[in-house]
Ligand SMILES: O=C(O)C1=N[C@H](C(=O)O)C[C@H](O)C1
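Next up is one chain by itself, shown in structure tokens, the form predicted on its own.
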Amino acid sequence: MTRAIMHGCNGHMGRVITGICDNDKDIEIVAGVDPFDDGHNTYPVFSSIKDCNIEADVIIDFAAAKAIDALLDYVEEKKVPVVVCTTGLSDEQIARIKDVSTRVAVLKSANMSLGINTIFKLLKEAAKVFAPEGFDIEIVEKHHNKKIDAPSGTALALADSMKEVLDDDYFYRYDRSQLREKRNPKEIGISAVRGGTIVGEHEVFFAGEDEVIEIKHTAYSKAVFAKGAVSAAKFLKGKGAGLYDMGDVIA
């Protein structure tokens, strides 16, 4: 049994994860952390992570970016592994996560979906086959109209996974509106669509002569990210210091 602290327990994702753990015999949330609490949880809830005195095997973090600093202080002091799912972190916070991971197990991924992280692996193999044959690579990501960043972190991670196995002269192209020239064969195009309530959709196209290969992932609810976070928490229990990602979970 994995004992977990849910950091950000009363946010949308915290509630979804709580529901998943309630129906999973292999993991239990023993405490939550959230500044806003209406008393609906079956576990104790603390307004700040520094006040939490419940022992646990792992922390699942789906809180606001401003809360990550206090969380990392706690993780380092208590030596409790942490799954960091919070997005929108600053460069300084990301650097701190990497530093803390040299002393405590930390899992951080651009996307917690098991499906997306499997696609990362598939894209590396696909890029090694299609790029040398002159296939153009394009990524199109779609999200709801309230998402403020573009392109998505997942789209960039998809591109990064391919660039790892491609020549150094490949580069990202985000906008062609000011260009009046043919497509550079070494560019990876990344386009963003914002509208409605789209949870998340990512498509990668390998376009060659007379054929197109498409690899696509669609998230129909945020539950896919919650399920991945729970799998990551189980994986991280008992792990030694290091910076892990979802690729390690599905390896």
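Rigid core (definition): largest C-alpha set, two forms, superposition within 1.5 Å. Since the structure is predicted, the reported quantities are computational estimates derived from the model, not experimental observations. Residue positions are given as counts along the sequence shown, with the first one as 1.
One more form of this protein exists, namely the form predicted in complex with the named molecule; it is left out here, but the text below deals with it.
Distance criterion of 4.5 Å from any heavy atom to the named molecule in the predicted complex singles out Ser152 from the list Ser152, Ser101, Gln93, Ser161. Taking a 4.5 Å heavy atom cutoff to the named molecule in the predicted complex, the contact residue among Lys78, Lys128, Lys147, Arg176 is Lys147. The stretch among 181-189, 51-59, 194-202, 208-216 whose residues place heavy atoms within 4.5 Å of the named molecule in the predicted complex is 194-202. Using a 4.5 Å cutoff between non-hydrogen atoms, Thr118 does not count as a contact of the named molecule in the predicted complex. A residue is said to contact a partner when one of its heavy atoms sits within 4.5 Å of a partner heavy atom; Leu72 fails this definition for the named molecule in the predicted complex, lying far away. Contact annotation: Leu166 falls outside 4.5 Å of the named molecule in the predicted complex, judged by heavy atom distances.
The named molecule in the predicted complex is approached by Ala110, whose closest heavy atom lies within 4.5 angstroms of it. Contacts between stretch 214-235 and the named molecule, counted in the predicted complex as any heavy atom lying within 4.5 Å, involve Lys222, Phe225, listed in sequence order.
Val82 is not among the residues whose C-alpha shifts by 2 Å or more between the shown form and the other one once the rigid core is aligned; its shift stays under 2 Å. Fitting the two forms on the rigid core leaves the C-alpha of Asn53 displaced by under 2 angstroms between the shown form and the other one.
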